[in-house]
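Here's a solo chain for you in structure tokens, the form predicted on its own.
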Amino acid sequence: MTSTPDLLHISNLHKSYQAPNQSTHWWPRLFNTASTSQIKAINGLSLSIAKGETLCVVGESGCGKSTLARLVMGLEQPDQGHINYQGNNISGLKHKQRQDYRQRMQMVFQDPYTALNPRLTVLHALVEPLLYHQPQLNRQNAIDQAMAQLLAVGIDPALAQRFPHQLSGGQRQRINIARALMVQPEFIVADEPLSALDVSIQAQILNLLAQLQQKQQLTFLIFSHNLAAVEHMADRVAVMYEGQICEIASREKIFNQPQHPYTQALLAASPQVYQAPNSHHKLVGDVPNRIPTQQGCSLQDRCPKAFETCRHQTPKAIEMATGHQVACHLVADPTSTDPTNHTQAELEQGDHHDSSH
């Protein structure tokens, strides 16, 4: 059995932003002399997507999902690393150089209420990108294609002359999907496509995406925190924390045999999709601010299974089985002395040390 070639390959991707100046004094802000910190949104991330598959990236809010989506689509440029599409490096391409890829790669944005131009009718919103990428196309042909696309996503063509404010949330999201499909792309990036929709509408959009993928042989990269939706449509799942992939595997492996403590905690927070076997999956504390101040695993202060190695060494991804990778010291060294016996004492000691500064 031959493996499907990668459509997209991301290697050692980094992206940082300047942290807001937290100084309470007026003079450092006035003269810009205060020390600046960098927030690491993406921190050495690597990922591959095979042609025709649906890869879902899950994680808490603030883990870097939207930043990764924007980097893949070229809306932002990485500080370091490569994004290869069908073997060609597309990171850092200029606007004109990326033109061909913009037709092959399209994005469905998170908020259907702001993704559409309020001044454009539904028909105009669909025809505009088609004529932009295919200027030689007759306008009437473009209109005919737009009407056919509306039917394909379950929208009555009679709504073509309406404006976004005259439509429901579900209708707007269907139109966002139709707009992305107008130029016949092969790869769709969807950033939280269900987050602004009612539960009943979410099911409709999920079914629509699955139908469109089958009919048009699409490849999906979907970012979501909706684990029930991910379980429904993913082929593989990548679990993201602090700008890194901590575990990636098939949907069945992630939901039935999660190995990383963060994956276990994430699933345990959604009991409708995963029954936690014990109470050790609960994380302590809040999501860090991603301003690098410590060595070791980024989960160390929240993980109930952390041990000494976690404080000094950054874990590297290990392939436990074909296609199942986990970045965790506990998985890499299962013979470690029972880490849960001394974790709490170590965490408390770390808390006292931090509070003394």
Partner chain sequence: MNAAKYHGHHVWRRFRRQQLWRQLKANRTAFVSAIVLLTLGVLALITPWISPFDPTNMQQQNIMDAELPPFWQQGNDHRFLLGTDGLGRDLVSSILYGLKNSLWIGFWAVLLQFTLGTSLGLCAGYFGGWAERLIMSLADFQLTFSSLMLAILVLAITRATMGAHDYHIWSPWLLVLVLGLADWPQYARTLRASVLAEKHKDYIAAAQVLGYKSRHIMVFHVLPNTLSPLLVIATLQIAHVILAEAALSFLDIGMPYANPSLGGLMGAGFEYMLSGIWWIALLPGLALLALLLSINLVADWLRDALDPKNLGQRP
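Residue numbers count along the first chain shown, from 1. As the structure is a computational prediction, the values presented were derived from the model and not from experiment.
Although it is not shown, the form predicted together with the partner chain is what the next lines describe.
Practice task
Classify H324 as contacting or not contacting the partner chain in the model of the complex by the rule of any non-hydrogen atom within 4.5 angstroms, answering yes or no.
Solution key: Flag for H324 set to no.
Practice task
Give a yes/no on whether D111 approaches the partner chain to within 4.5 Å in the model of the complex, heavy atoms considered.
Solution key: D111 belongs to the contact set for the partner chain.
Handout entry: Contact of R102 with the partner chain in the model of the complex (heavy atom, 4.5 Å)
Key = Judged by the heavy-atom cut-off of 4.5 Å, R102 is in contact with the partner chain in the model of the complex.
Practice task
Considering only heavy atoms, tell me if D144 and the partner chain come within 4.5 Å of each other in the model of the complex.
Solution key: Although the partner chain is absent here, D144 would stay clear of it in the model of the complex, with no heavy atoms inside 4.5 Å.
Problem - Residue among Q216, Q80, Q166, N89 with a heavy atom within 4.5 Å of the partner chain in the model of the complex - result: Flagged contact: Q166.
Exercise for the section: Select from the listed residues L93, A115, I245, L212 the one whose heavy atoms reach within 4.5 Å of the partner chain in the model of the complex. Expected result: It is A115.
Exercise for the section: Give a yes or no on whether every one of R70, L137 and V183 sits within 4.5 angstroms of the partner chain in the model of the complex by heavy atom. Expected result: Yes, because R70, L137 and V183 each have a heavy atom that approaches the partner chain to within 4.5 Å in the model of the complex.
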